[in-house]
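One chain follows as structure tokens, the form predicted on its own.
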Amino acid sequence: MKKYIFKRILTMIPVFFITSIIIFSIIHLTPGDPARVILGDNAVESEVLALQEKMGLNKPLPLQYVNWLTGIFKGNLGESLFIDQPMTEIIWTHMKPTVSLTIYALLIAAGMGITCGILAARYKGGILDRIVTLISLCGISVPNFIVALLLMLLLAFSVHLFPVAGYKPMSEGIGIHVWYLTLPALSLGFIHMALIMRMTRSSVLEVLNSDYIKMARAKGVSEFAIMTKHALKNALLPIITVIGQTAVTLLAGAVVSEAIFNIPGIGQLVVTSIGRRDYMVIQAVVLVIALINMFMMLILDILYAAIDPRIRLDSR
């Protein structure tokens, strides 16, 4: 197991460098002079040159990349031209709402998706199975922002059960923090809940048709034990795959929910930074999100190997 984890960590090193090159290239190969865009058309040429020197834009691109990468290894992600705070503090301040929203949405998607998928497989062809199928089809078909607006209309404007928009940090209390995040988390996790439902249902049904399940039923094993100890355990790999991909997608897709519900998360920071061409912030945020996704994939690989030992044997 240790060798397997070590090999997976080694594969992350070239992925990191390739990702950093892509991020740096996309940002710096965008048409237009960032310094001139930031200062405006009426800026004096000397001011533009001074800002270019401050941002390091007067150096060759390979040297700019090396300097940026060297700063990252030293813990310096760069400096924002508009926010007078260290880059790590800027990212952490905006990352906390996004992480809270992502975790909450993932718990809703995974918890409800797995539960409903198991029940649909257990009562295949019944009313519950049809309801779950209908919900999953709606979740896949309806866009995220439409779900957000519908939930806002039904649960905020009509019933006044949740606040329409806004955000309260955890320092003001866990209850009010969760209360403000419920609507955004429901809208964000609805689509992924539908995907997990479908995957759980199909995976569990495939296992239930296996010979050893039929043998367990013939021996008189209870349906609860068959579903929990045998069927779900052997159907976990594809379900975990979908949940891992869901976690990555939720983190990146929180931008829409943050914009609709006015949450000061990382998505709002990226949109604001793009509008004012704060390139260092964009680079740092995209790189941090990419690193988080890489670590999520590493955790997913470790879970694969822990659940199915054949994966460790195949890697040898």
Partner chain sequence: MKMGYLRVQRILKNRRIIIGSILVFLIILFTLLTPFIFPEGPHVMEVTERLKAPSKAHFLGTDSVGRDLLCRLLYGSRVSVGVGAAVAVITMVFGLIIGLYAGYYKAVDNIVMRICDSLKSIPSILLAIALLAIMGSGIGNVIISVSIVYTPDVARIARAAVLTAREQTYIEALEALGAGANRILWLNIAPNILSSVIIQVSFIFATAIVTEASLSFLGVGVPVPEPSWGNIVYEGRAVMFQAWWLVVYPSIFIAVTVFGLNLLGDGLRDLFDPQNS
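In this text the structure is predicted, and so the values were computed from the model without any measurement. Residue numbers count along the first chain shown, from 1.
The next section is about a form of this same protein that is not shown, the form predicted together with the partner chain.
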- Message: If the cut-off is 4.5 angstroms on heavy atoms, which of these, Ile127, Leu107, Leu150, Leu161, is the one near the partner chain in the model of the complex?
- Response: Leu150
- Note on the structure: Checking Leu57, Leu69, Val48, Val270 against the partner chain in the model of the complex, the residue with a non-hydrogen atom inside 4.5 angstroms turns out to be Val270
- Query: Would Met296 count as a contact of the partner chain in the model of the complex, using a 4.5 angstroms cut-off between non-hydrogen atoms?
  - Reply: no
- Using a 4.5 Å heavy atom cut-off, state whether Pro143 contacts the partner chain in the model of the complex. yes
- Query: Taking 4.5 angstroms as the cut-off for heavy atoms, does Leu63 touch the partner chain in the model of the complex?
  - Reply: no
- Message: Leu39 versus the partner chain, in the model of the complex: is there a non-hydrogen atom within 4.5 Å?
- Response: no
- Task: Look at the candidate spot formed by Met170, Phe190 and Val242 and say whether the partner chain comes within 4.5 Å of a heavy atom in all three of them in the model of the complex.
- Result: no
- Select, from the options 179 to 187, 151 to 159, 94 to 102, 73 to 81, the stretch whose residues sit within 4.5 angstroms of the partner chain in the model of the complex by heavy atom distance. 151 to 159
- Message: Within 4.5 Å of the partner chain in the model of the complex, counting any non-hydrogen atom, which residues from 80 to 99 show up?
- Response: none
